[in-house]
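Here's a solo chain for you in structure tokens, the form predicted alone.
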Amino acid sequence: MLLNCDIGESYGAWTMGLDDQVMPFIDQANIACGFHASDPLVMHNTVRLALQHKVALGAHPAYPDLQGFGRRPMVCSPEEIHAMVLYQVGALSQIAAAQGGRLSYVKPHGALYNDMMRNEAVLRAILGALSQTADKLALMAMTTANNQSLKALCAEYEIELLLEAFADRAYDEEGYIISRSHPGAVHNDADVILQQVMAIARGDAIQTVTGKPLYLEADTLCVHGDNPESVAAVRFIRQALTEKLA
């Protein structure tokens, strides 16, 4: 089971996340591309750090919303979404290439990610953009209780799909994560997080917020490096996956 992390989200003099501490424990770096966070120098330094640790490079494009950290929905046409994804992926791709690296996938951020999962027009705009990238980059998207439609659309565009689950988020019965605005949406107990991680990794059921069993097909788990506690959790998850799934 791979571990991915949203990373490179500092901006100018503002520092966010403990990128240097979490990078050694992850497999995939979802690197912000400047629309919700980051800037050219942060992108450059984050790519360099990922390459040092042999971590796969992924673009993390968003709606153009620095003030809202890309978490606010925006009304954009499919053509606008197509262009903004190509713009952000292109910038990061060139920064990576200048250091001998290459992108392998794209994971949309925040509201764009959520809209992609609920709105076929948004998903098609993103897939259309990825189909025009030089390497036909893979799409990282949320796994749910039923991934057939998502898989079919990716196959239509000949885009590889990486199904993502979340280590510390609560789920509803359809397999969608609960909004952060609801109580209990984020797990903070290390034992609860580890139980969910191991269940997903083994293909066992996890428990929804209503107490129902939920099976999630996943290629990669999203973890966080926002603070020392989250980095410690990532280290613990990496150790547990290595030891218990060996």
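Small disclaimer: the values here were computed from a predicted structure and weren't measured. We number the residues from 1 along the sequence you see.
Below, we refer to the form predicted together with a further copy of the same chain, which is not included among the displayed structures.
Novice: Could you tell me which stretch in 79-87, 167-175, 116-124, 144-152 has residues with non-hydrogen atoms within 4.5 Å of a further copy of the same chain in the predicted complex?
Specialist: Going through the listed ranges, the match is 79-87.
Novice: Counting only heavy atoms and a 4.5 Å cut-off, does a further copy of the same chain in the predicted complex sit next to every one of L66, Q94 and Q132?
Specialist: Every residue of the candidate spot has a heavy atom within 4.5 Å of a further copy of the same chain in the predicted complex.
Novice: When the contact criterion is heavy atoms within 4.5 Å, does E9 count as touching a further copy of the same chain in the predicted complex?
Specialist: Yes, contact at 4.5 Å.
Novice: Consider H60 of the chain shown here, and say whether it contacts a further copy of the same chain in the predicted complex, taking contact as heavy atoms within 4.5 Å.
Specialist: Judged by the heavy-atom cut-off of 4.5 Å, H60 is well away from a further copy of the same chain in the predicted complex.
Novice: Is L161 close enough to a further copy of the same chain in the predicted complex to count, meaning some heavy atom within 4.5 Å?
Specialist: No.
Novice: With a 4.5 Å heavy atom cut-off, would you call D39 a contact of a further copy of the same chain in the predicted complex?
Specialist: Residue-level check for D39: yes, a contact with a further copy of the same chain.
Novice: If we check a further copy of the same chain in the predicted complex, which of the residues in 8-36 reach within 4.5 angstroms of it by a non-hydrogen atom?
Specialist: Result: E9, S10, Y11, G12, A13, W14, T15, M16, C33, G34, F35, H36.
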